[in-house]
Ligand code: SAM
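Only one chain is given next, in structure tokens, and it is the form predicted on its own.
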């Protein structure tokens, strides 16, 4: 039987108290281009050389590099001339802009947007509302009007979302055999990262990205090549505008934005539009039924508090919403990655 004396409280508190420092060190190294420079260099570089090439102070850069070594984001080699720094495999894969699995844009979105909302977490808990007005001085009555408050912010969000699907999109699309669904609508499909995974895994399928007109325009210009004819676009607001008939509707990171009543409204609309035998695929990060975690999902749910109108849910909560909307044969698949999948059929 354990006691409080078995717990190393100072170490635990140190880790929790300094979590935001760890994040900002990684964000800063990404923003300054440390990992990109070291990827492009022919070998390890000294802190002075890195500072000179990136236009920073020598003392500040040395401390940043040492902190990155402590966080296992960089390696260091001591020579007679001093310390020389290099990327780790992790930083090459996820923190450089040129990597296919780069999380650079996602990290910059956290650094420049999410962190500012989290500054007002106490207010969010008190009010039960997102914090765009306090953080950015914009009304959040139109949630995506606040989220996409400028074209730059919208593009940043789109790059960040595609970065997520680059590391876990295949897992959620492969969670169930979707080969029987050939006409697919990705509602809120944004930049098309998940649509790309879908047509790659199911070459006989076509995917229509249904999103707001300004999102569709940027997706066409920047993210989906015009020669990719299996991905098409539909401009509209799926809460207000008609939803065309399809075999399968994908809702990836959509329902967690909204309260239960809005989720029910959307799911009922999808059920009505769906072909007989058609389905809806929910892609969300799932809470444990007993409230024990996962901690990542609990943190995402807090983020929904400061950024949106919804929350993360348990499998049974999503199943209840789907059943109430008329869907049946509901299946849940845990992927072991950031996001899981739930499939319901009409």
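Everything numeric in this text was worked out from a predicted model, so none of it was measured. Numbering follows the first chain given and starts at 1.
Although it is not shown, the form predicted together with the named molecule is what the next lines describe.
Check: According to a 4.5 angstroms non-hydrogen atom cut-off, is residue 108 in contact with the named molecule in the predicted bound form?
Finding: Residue 108: no contact with the named molecule in the predicted bound form.
Note to self: Test of understanding: in the predicted bound form, would residue 236 fall inside 4.5 Å of the named molecule by heavy atoms?
What the structure shows: Residue 236: yes, in contact with the named molecule in the predicted bound form.
Notebook entry, point to check: Do residue 219 and the named molecule share at least one heavy atom pair within 4.5 Å in the predicted bound form?
Noted result: Outside the cut-off, so no.
Next item on the list: May I ask you to check whether residue 253 falls inside a 4.5 Å heavy atom distance of the named molecule in the predicted bound form?
Entry: Although the named molecule is absent here, residue 253 would touch it in the predicted bound form, with heavy atoms inside 4.5 Å.
Notebook entry, point to check: When the named molecule is placed as it is in the predicted bound form, which of 211-219, 132-140, 76-84, 168-176 ends up with heavy atoms within 4.5 Å of it?
Noted result: Careful reading of the contacts points to 211-219.
Check: Looking at 161, 267, 231, 184, which has any heavy atom no more than 4.5 Å from the named molecule in the predicted bound form?
Finding: In short, 161.
Next item on the list: Identify, from the list 153, 257, 247, 197, the residue with a heavy atom within 4.5 Å of the named molecule in the predicted bound form.
Entry: Selected residue: 257.
Next item on the list: Enumerate the residues of 137-151 that have a non-hydrogen atom within 4.5 Å of the named molecule in the predicted bound form, in sequence order, or give none.
Entry: The stretch touches the partner through 144, 148.
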